[in-house]
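Okay, here we've got a single chain as structure tokens, the form predicted alone, with questions on binding and movement later.
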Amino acid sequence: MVGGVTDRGTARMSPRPVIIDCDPGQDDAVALVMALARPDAIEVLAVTAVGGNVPLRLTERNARRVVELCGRPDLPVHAGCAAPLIVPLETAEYVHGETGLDGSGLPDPERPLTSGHAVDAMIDLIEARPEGAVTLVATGPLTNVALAFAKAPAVMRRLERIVLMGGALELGNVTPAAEFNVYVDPHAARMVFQGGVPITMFGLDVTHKVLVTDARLRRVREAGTGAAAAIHGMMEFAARYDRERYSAEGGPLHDPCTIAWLLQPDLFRGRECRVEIETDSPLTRGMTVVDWLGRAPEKNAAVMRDADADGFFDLLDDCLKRLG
């Protein structure tokens, strides 16, 4: 079983350069907060927004709201694709609320969007760094990432890896077969998984082991910082839907698992697998077909399946207190 995955080259002695491609969404917001709380470990080069949980005009706005919450109004935030490659956009206001960040209490952003399309910004940032230097974290539909592969495949193959939240080995959350991010743009997901870049995948099987229980919510509030208050409100809002849907003790916290893995990879365990994406069947559109038993000789993703939830929330608590 794999937890940490070795970087290309030698051991990392400086902060890891990261681009975060996202569709905030409360859980995307938590991921951004965790990343920006740890400049000693993660150098966020830019945030790129994509249509997903809510339309693009809201995801890019929400990304700016969160970077300002974290005291980083200087950080570039680029708007990307408003719709999937082929199919119409389907959003999830029923989970995230009309704004995507309902419950946060965050004000409108003061800073404007950074000029330039997210896809071009992504390509330029990767090309400007040595091969194997940049990690791409993707926590929304993979439309921006797929278009970057289509436009500059050689540049995208310079990535150290892609760390993404998406897919599932077993049960989906939009349909019985499919998880939301992959379902929204399955054609983009197929392109990315076939792109030839190492992938670390966090699907529903592992994120549903990181539950926002009442006790963990109280701990977030008790961190006592402005970021903690906003995160508490967002997590409380989003967890209501999942608690009712799954009859569980708490709602899952999906996207922050990607950042937690970068900060503390031993919190997660998984296996190198072959992952293929179903794009054609109306019954199983967006299904991630994971060869967990290793029948396929060529692997293309480290698929995480187990998590130390208590360790995760210890890490989140530390991040929130650092932002204080």
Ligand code: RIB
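Just so it is clear, the model here is predicted, and its values are computed rather than measured. When you see a residue number, it is the position in the sequence shown, counting from 1.
FYI, the form predicted in complex with alpha-D-ribofuranose isn't displayed, but the following is about it.
- Mapping the unseen interface onto this chain, residue 204 counts among the residues with a heavy atom inside 4.5 Å of alpha-D-ribofuranose in the predicted complex.
- Under a 4.5 angstroms non-hydrogen atom cutoff, alpha-D-ribofuranose in the predicted complex has residue 165 among its neighbouring residues.
- When contacts are judged by a 4.5 Å heavy atom cut-off, residue 179 counts as touching alpha-D-ribofuranose in the predicted complex.
- Although the partner is absent here, residue 173 sits close enough that one of its heavy atoms falls within 4.5 Å of alpha-D-ribofuranose in the predicted complex.
- With the partner left out here, alpha-D-ribofuranose still marks one of 251-259, 294-302, 33-41, 268-276 in the predicted complex; by a 4.5 Å heavy atom cut-off that stretch is 251-259.
- Contact residues in stretch 130-156 (any heavy atom within 4.5 Å of alpha-D-ribofuranose, taken in the predicted complex) are limited to 139.
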